[in-house]
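In structure tokens, the next block holds one chain alone, the form predicted on its own.
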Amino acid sequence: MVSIVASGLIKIDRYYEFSEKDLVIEAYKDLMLKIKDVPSSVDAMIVSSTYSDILSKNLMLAFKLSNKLGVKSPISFRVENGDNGGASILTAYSLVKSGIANSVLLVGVDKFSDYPSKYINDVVSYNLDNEYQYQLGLTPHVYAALLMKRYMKKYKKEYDYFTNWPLKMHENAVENPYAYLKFKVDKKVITDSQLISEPLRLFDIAARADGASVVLITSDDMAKKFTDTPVKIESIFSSNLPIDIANANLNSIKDVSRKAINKISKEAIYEIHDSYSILASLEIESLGLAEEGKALDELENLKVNLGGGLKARGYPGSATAIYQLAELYLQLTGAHPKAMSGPEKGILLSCDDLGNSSYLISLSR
């Protein structure tokens, strides 16, 4: 088996004065405060970062971070899969599960605040097809808006339905010390916010900012050296299938949900990739946690994104999944400042902004 034995993370924010290395050092300091025995070396360091080469002109990032942290590692490399950090978690898990490594330091970091939104939106659009989408000036926001329109028509919904998501996420973020937007909002603020691509408004879009998080993953044999409360990674399922805009379906997420059907229950706590309000609704329904067309009406009955999600906790690119993994670990061990009492299972659903590529990670304490 494979276990999470420690995590460290910083508040997501705008850190104009910090480099990516500085952010990771701060997250690693947080991990050092929580672990029984600080490792001087690990068998592998995996870095989840999508935009470090484009936005920071920074290659060989895993090697540089390994040296900066003073953590010796014979294996170190960066994993880029768009904003989907789930691929990095699968890589770390596979190294330990296969016996290639007994300990892996999983690092997530991305930094957006050094550039204006117009440039960031352009870079994020590299995730689209280069020839037929990006070069024509399309952005992920446009596809999210089309998906939202189809959903509204299919289920006869008005825009008010989607306000439930930012309302709930901002409420959840208020007491989360790692959250970027720690304030409540009311419905009028959401409905009056800037129209981005009709019907998509500003509050329907996740808040990109800077962040770094680290998670130490080990074999079961090694886990007790670092903690008395390890959390097991039970399984990881993955899928790559294009979204179906015409029918408002997230095919890859439905696929991983089918594969993981025995792991999904309403008793677990969930972290999902709410890059847009429409994605949150479709992901909850694809997981089978709510009836189709009703997910955002049933949020009070669900334990989803307890720290505020990408919408309010913040969205640091492909570091996001490492944050979600770290926060689920803290929730399951009761160490999160906003921990619920008693959860035994956690589910992390990581995907790209439009749900074409997805990973479902099952945890238990």
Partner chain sequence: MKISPSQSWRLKDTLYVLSLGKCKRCGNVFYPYQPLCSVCGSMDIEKIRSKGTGTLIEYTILYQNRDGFEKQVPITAGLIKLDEGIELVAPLTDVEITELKEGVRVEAVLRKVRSDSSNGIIQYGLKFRVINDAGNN
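Residue numbers count along the first chain shown, from 1. All of these numbers come straight from a predicted model, not from anything done at the bench.
There is another form of this protein, the form predicted in complex with the partner chain, and it is not shown here; the text below is about that form.
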(message) To test your reading of this chain, name the stretch in 279 to 287, 232 to 240, 169 to 177, 111 to 119 whose heavy atoms come within 4.5 Å of the partner chain in the predicted bound form.
(response) 111 to 119
(message) Taking the partner chain as it sits in the predicted bound form, is residue 265 in contact with it (heavy atom to heavy atom, 4.5 Å or less)?
(response) no
(message) Please determine whether residue 183 contacts the partner chain in the predicted bound form, using a 4.5 Å cut-off between heavy atoms.
(response) no
(request) Decide whether residue 139 counts as a contact residue for the partner chain in the predicted bound form under a heavy atom distance cut-off of 4.5 Å. (result) yes
(request) Classify residue 270 as contacting or not contacting the partner chain in the predicted bound form by the rule of any non-hydrogen atom within 4.5 angstroms, answering yes or no. (result) no
(message) Since the partner isn't included here, can you check whether the partner chain sits close to all of 59, 127 and 209 in the predicted bound form (heavy atom within 4.5 Å for each)?
(response) no
(request) Scan 246, 100, 261, 75 and let me know which has any heavy atom within 4.5 Å of the partner chain in the predicted bound form. (result) 246
(request) Go through 196, 95, 71, 222 and name the one with a heavy atom inside 4.5 Å of the partner chain in the predicted bound form. (result) 196
(request) Within 4.5 Å of the partner chain in the predicted bound form, which residues of 120 to 157 have a heavy atom? Give them in sequence order, or say none. (result) 121, 122, 125, 130, 131, 132, 133, 134, 135, 136, 137, 138, 139, 141, 142, 143, 145, 146, 149, 150, 153
